[in-house]
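Below sits a lone chain in structure tokens, taken as the form predicted alone.
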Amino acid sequence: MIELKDATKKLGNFTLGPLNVNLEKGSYSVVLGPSGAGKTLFMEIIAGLSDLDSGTIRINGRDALDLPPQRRSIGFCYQDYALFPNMDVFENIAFGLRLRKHRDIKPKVGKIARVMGIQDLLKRDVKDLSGGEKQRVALARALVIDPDILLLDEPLSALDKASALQLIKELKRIHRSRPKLTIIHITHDFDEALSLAEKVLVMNNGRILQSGEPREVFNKPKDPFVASFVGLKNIYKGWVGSHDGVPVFETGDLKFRVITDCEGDAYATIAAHDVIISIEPSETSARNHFEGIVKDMEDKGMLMELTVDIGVDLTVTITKESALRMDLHDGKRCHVLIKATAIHVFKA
């Protein structure tokens, strides 16, 4: 387990924390946030590469404040791989083992190289490797020491799409094959988090704004920044009142029937795929029915993303087949239906 309590670190005008974090042993956690959010500093504190100004950190039940990096059983992969250019692949992977004065270095390097599919690259100069090969070497170097914790700083950011998808498969396999290995993975890509994470922590300006299972964070954001960062397009500021005893969220001249305990100033989010669109009015259980006009249509591959003016701009995603069947185009009048359960409301 990794536990931080009231952990803070100040660098110039930037302050990280206070952070209160609990990550279970064997878990795969993804830290999400924009550049400058403090994600790498958070990871360096766990690794012991940066000291806390205040607060505590415990690793596997042990106070780690005075524990040097080499005694924390941590493998670290930086975004730029940080491979040694004066060493071949074998020596790069063996580096941590030599520091720890391990015996049987050659068989250990050979075994992890086979696991990572780079056994044919061991004598290669690292400068001659592709991005995907460099990332595998960096992972092999981190894993060969059998760490308790693996820290990954944007491991996919420099890779092409095909290489990134392949590495996602490798990371899933590593997680399955090493059930006691705790993985913390930094990214700014929510789709990446959805593919890998058991737990997501969303950071901004040095603070963790929300943590939880990826789908929970996406469906029930607690902060407008979180809602925007995870890709929600329909984010509205308004207030919650009551109409005939039923909660109503109001924004501008629009009123949405909702299910919430919130009162007063609030935000509401609606996932684009939760909006039903039709040409004719239809009888459904949806409690929110609006007429609108299609303002814009964007091709998203298998899907179409529509902007519909219902008094506010509403983003809707539907299949291309549905868009063709309804003959949707800019200026087309339509009806949108939204269930009260599809509207997430949280305090402003």
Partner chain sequence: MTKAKGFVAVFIIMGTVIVLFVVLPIFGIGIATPIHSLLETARDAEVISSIKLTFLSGLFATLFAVLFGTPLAYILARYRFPMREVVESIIDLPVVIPHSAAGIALLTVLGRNTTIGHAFSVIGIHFTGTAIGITTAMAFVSVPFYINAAKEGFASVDRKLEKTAYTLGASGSRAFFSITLPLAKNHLVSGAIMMWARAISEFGAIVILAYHPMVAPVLVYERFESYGLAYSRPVAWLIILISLVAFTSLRLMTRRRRH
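Numbering follows the first chain given and starts at 1. For clarity, every value in this text was computed on a predicted model and none was experimentally measured.
As for the form predicted together with its partner chain, it is not shown, yet the points below apply to it.
- Put simply, of Gly311, Pro69, Gly26, Pro34 only one has a heavy atom within 4.5 Å of its partner chain in the predicted bound form, and it is Pro69.
- Interface residue among Ser130, Asn86, Ser177, Ser242 relative to its partner chain in the predicted bound form, by the heavy atom within 4.5 Å criterion: Asn86.
- Put simply, Gly206 is far from its partner chain in the predicted bound form: not one heavy atom of it is within 4.5 Å.
- When contacts are judged by a 4.5 Å heavy atom cut-off, Arg141 counts as touching its partner chain in the predicted bound form.
- Among residues of the shown chain, Ile168 is not one whose heavy atoms approach its partner chain to within 4.5 Å in the predicted bound form.
- At a distance threshold of 4.5 angstroms between non-hydrogen atoms, Asp80 is in contact with its partner chain in the predicted bound form.
- Stretch-level contact analysis of 259-267, 95-103, 114-122, 186-194 against its partner chain in the predicted bound form, using heavy atoms and a 4.5 Å limit, identifies 95-103.
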